[in-house]
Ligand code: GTP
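Shown here is one chain on its own, the form predicted alone, set out as structure tokens.
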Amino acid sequence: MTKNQALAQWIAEVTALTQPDNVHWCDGSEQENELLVARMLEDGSLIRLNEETHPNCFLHRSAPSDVARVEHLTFVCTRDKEDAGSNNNWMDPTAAHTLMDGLYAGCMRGRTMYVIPYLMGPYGSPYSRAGVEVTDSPYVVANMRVMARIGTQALAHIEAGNSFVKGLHSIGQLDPENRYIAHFPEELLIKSFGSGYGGNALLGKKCHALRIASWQARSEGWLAEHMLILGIEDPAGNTSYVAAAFPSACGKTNLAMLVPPDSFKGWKVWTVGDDIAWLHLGEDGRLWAINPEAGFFGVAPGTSLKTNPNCMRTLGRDAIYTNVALTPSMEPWWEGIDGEKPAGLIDWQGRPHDPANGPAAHPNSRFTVAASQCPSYSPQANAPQGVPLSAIIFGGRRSTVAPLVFEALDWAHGVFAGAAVASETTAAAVGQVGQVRRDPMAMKPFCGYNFGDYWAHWLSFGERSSKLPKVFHVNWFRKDGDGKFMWPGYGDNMRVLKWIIERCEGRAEARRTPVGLVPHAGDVDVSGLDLTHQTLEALLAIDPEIWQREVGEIGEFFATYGSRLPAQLRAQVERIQRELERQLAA
């Protein structure tokens, strides 16, 4: 089925190991998808939703023990343990292959083995990268068809002589005691066993596009990042592009599909990508970004016309829902969706909903839908060269420390700001509420190598170009003395984006602080917003005593990376501490 000898040999080896009844090479066609869906409807792994309200939409229920990424069972398998770093779980490659191949032996008997050639990135882009996922899950095939570019064209890309990432996946027996996701970056190889959940099973997504791609990116001189990409068009028709990284529960998807407030007449936001960005230096010295994905694999709970109208308008047709609840009229439902909670709900496990059993939709329930259905989908989303970035934005969830927005003083300080990203845990997270968790560049679960080396790679771009994007940090979650959020968030985040773009164009003012460049209260457009000047001043305040503690904690965190920590980051800690001390002494 392929002219590529290396691929044909690998498929033969996998077939001999897993012993499937049939082998099917996916061509990505509509006819193929219809046959797969028909089989899943027949065996009950898909449920057809209301055709009048949700045409060509389906519900999938996963095993109750298989509903999320399993970070403690996710491994980076490098020859040198230090190359994986303390930010990853490490396993010796030889031991990992022995473990995984023992699990794979005969695991596909009685099943069909699907071979999915796929492309991450637009067709014809020099920045796109190929992969081949082998799986025994038709649900994975259906989702990969939405999330990547699969089939004949992807195979042609590989057969043209381009490298590809190999990914072997089996749901096994869905046994949580035998569930592993192993990455072999030196071999461009992924092995996943025992899970059908998207983050563990759709190998083109986090496994390839971040963990393996970040390793590839370092060796090839680019960046693979957990970032959204959006375009901001002003009333004159000029569009600027930004990439932004946020840990979970910080509004990433909402920002990617933002609808500007009513007072921002003539402004538009264009969605290029909501989750992953691959960044490359162009010949012009600017940083250009592509979205390697073709779809959204989004969290359903909390998504509504209020929080994310463009996302809601993307859904409703040609979508796969996983672990949401079901209404009596066969429509998907989740906590936070618009309207009253209907009676007669069937929960995500197929039971009549009883609040004593928990939420009706699983908190990590998902939708899979083509990005091209989004009303704000950018005309440049599939541009082979990508889009040029004016700004990179990092953000976290902090109640007191970080101001609403600040601009980094230079590239090295911007890398520091990204490396120091942190969020306070919410009630929905495991652990103590308000506990600070460092999540550098929002890549803690996804960087495929040692964070010290990763930060050094980021810093190297400062030596390669003088035309890099400005770097900013935002915090939508600052609270007042009563514990209430001070900033309205959602569409009003456009007001901060406007200041960021104006800073990139040299048209907005800022004041210098030890932490970075912060707008004056009058620099942020709050027209039409019920926000007092006093509140805005508080949102932009830098408390030197709080920041002394914060920078001390950042320094302690950095120190855990030992000799691999770049000296430039240590220097940033020392600079900020000196400036804060001078400010307190004044």
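Note that the structure is a prediction, hence the values are computed from the model and not measured. So that there is no doubt, residue numbering starts at 1 and follows the sequence shown. Rigid core: the largest C-alpha set superposing within 1.5 Å between the two forms.
The form predicted in complex with guanosine-5'-triphosphate exists for this protein as well; it is not shown, and the discussion that follows is about that form.
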Quiz item: Can W411 be called a contact residue for guanosine-5'-triphosphate in the model of the complex at 4.5 Å between heavy atoms?
Solution: no
Self-check item: Residue contact check: H208 to guanosine-5'-triphosphate in the model of the complex, 4.5 Å heavy atom
Solution: no
Quiz item: Heavy atoms within 4.5 Å of guanosine-5'-triphosphate in the model of the complex: does W476 have any?
Solution: yes
Practice problem: Verify the contact flag for A370: yes if a non-hydrogen atom of it lies within 4.5 Å of a non-hydrogen atom of guanosine-5'-triphosphate in the model of the complex, no if not. | Solution: no
Quiz item: Of these, 252-260, 155-163, 80-88, 502-510, which stretch puts a heavy atom within 4.5 angstroms of guanosine-5'-triphosphate in the model of the complex?
Solution: 252-260
Quiz item: Though guanosine-5'-triphosphate is not shown, can you say which of P301, G151, G516, P138 has a heavy atom within 4.5 Å of it in the model of the complex?
Solution: P301
Quiz item: Only one of K470, H353, R397, R145 has a non-hydrogen atom within 4.5 angstroms of guanosine-5'-triphosphate in the model of the complex; which is it?
Solution: R397
Quiz item: What are the residues of 549-586, in order along the chain, with a heavy atom within 4.5 Å of guanosine-5'-triphosphate in the model of the complex?
Solution: none
Quiz item: Superposing on the rigid core, do we see a C-alpha displacement of 2 Å or more at H280 between the shown form and the other one?
Solution: no
Quiz item: Core aligned, does the CA of K268 move at least 2 Å between the shown form and the other one?
Solution: no
Exercise. Return yes or no for K484: a CA shift of at least 2 Å between the shown form and the other one, with the rigid core superposed?
Key: yes
